[in-house]
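A single chain comes next, written as C-alpha cells; it is the form predicted alone.
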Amino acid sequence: MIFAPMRFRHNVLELLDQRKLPLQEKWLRCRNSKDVYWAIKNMVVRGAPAIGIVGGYGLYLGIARYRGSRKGFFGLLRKQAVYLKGARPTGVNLRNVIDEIVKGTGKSKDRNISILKRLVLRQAQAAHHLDEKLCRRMGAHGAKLLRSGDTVLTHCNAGGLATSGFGTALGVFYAAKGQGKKIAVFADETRPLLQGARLTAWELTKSKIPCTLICDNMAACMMKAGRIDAVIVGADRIAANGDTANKIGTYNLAVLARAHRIPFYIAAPVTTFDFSIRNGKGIPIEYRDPQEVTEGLGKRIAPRRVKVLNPAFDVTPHLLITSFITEAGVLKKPFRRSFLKLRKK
C-alpha cells in the first residue's frame, strides 16, 4: 500500500501535513524554497528519505523564477543548496540528494537557463521515483527474514510517510504481507511527538496489518514475555563502521533486544550510508525545541521553569545491530566487509 506524503504538480509541492495525522489529512502547498525549508524544519514532512526527496523539489523551487546569466544561476543554485541542507542536520539523505542535483546540473554545458531549470527538476523527480523502487527491493529482502506468525517491534515511523510512499522498516511488513505471511506489529508510541502512535499505527491500521500500540517503556516487558520475535527500525544516517543514528529511543531497544537475544535489524536504503564518517561520534545530533517535550500536543504537562533536553536522535553502536536490510540485500557481520562489497558495487 502506498502512503505518498508528497506530490509535485504545476510548480507546487504539496505535502501531507504529518503534524495533523491521524485526525486530519491536510495538504500544505509549498511554492518556494522558504516554504520547503519551513516544512522540513517544522516536521510537516519527516523521515530521512522523504526529507531528501522534498529537499530536491525545494532546490528546484529555489531557482524556478530565476532570470539571468549562467554564472548567476549556479551561484543561486549553490546558495539554495546550503540553505536547504541546514533545515535538519542528522539525516544524510537531504544532503545527498541536493549535492547530487548540484553536481549533475554542473556537468551541463548548456547556457539556456530554462533547460538548466528543467534539468534540476528532472533530477528531483528521478530521486523521487528511485526511492520507491529502492524501498520495494528493500522490503522484499527484509521479508525473507520473517516467518509467518512473527510479531515485530518497530519504533517511530519508517513507513510510506517517511519515504516516497512504501517505506523502509514498514516496507518489510508490507512485502511480507504481500508474500502471504501473517505478521503482527508492536508499535512504540515514540515520545515526544508520538510518530509511532500517530503515524505508524495509522499506516498499519489502513494496511490491515495487526498492530498493537505500546508506550515506549513497555518494550522490555513485552520482550521478557516472549511476545516479540524481532525488532526492525529505520535509520537517518549510518556511519562507515555501522553505527546508526535513528529516532531517539532506538538505542534503548537495541540494548533490550541484545539482553533478550532478539534480532535487531536496521532497514535503510544505501543513500542513508555516510562513508565519510568513521563512526557514530561523527554524526551530528539535532536538538529540538523543549516545548516538544513540555507541551508536545499543545497542552503543557511539565512545570514552566523545568530544564529540558530534547535530542531528536540517538546512535546505536554497530555491535548491537544484527543486520542491515538494504535494496542491495541483507548486509551481515562483519559489517566492514559487507560495506566494502557494497561500495564496490
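The first residue of the sequence shown is number 1, and the count goes up from there. Only a predicted model underlies this, so the values are computations on that prediction, with no experimental measurement involved.
Below: the form predicted in complex with another copy of the chain, not depicted.
The stretch that touches another copy of the chain in the predicted complex, counting heavy atoms within 4.5 Å, is 215-223, out of 132-140, 215-223, 270-278, 82-90. This chain lacks the partner; the member of 240, 197, 102, 262 within 4.5 angstroms of another copy of the chain in the predicted complex by a non-hydrogen atom is 197. In the predicted complex, none of the heavy atoms of residue 329 sits within 4.5 Å of a heavy atom of another copy of the chain. Under a 4.5 angstroms non-hydrogen atom cutoff, another copy of the chain in the predicted complex has residue 317 among its neighbouring residues. Mapping the unseen interface onto this chain, residue 95 falls outside it, with no heavy atom inside 4.5 Å of another copy of the chain in the predicted complex. Not displayed here, another copy of the chain is kept clear of residue 165 by more than 4.5 Å at the level of heavy atoms in the predicted complex. Three-residue candidate spot 37, 118 and 160; no residue lies within 4.5 angstroms of another copy of the chain in the predicted complex by any non-hydrogen atom. If you take 67-94 and check each residue for a heavy atom within 4.5 Å of another copy of the chain in the predicted complex, you get nothing at all.
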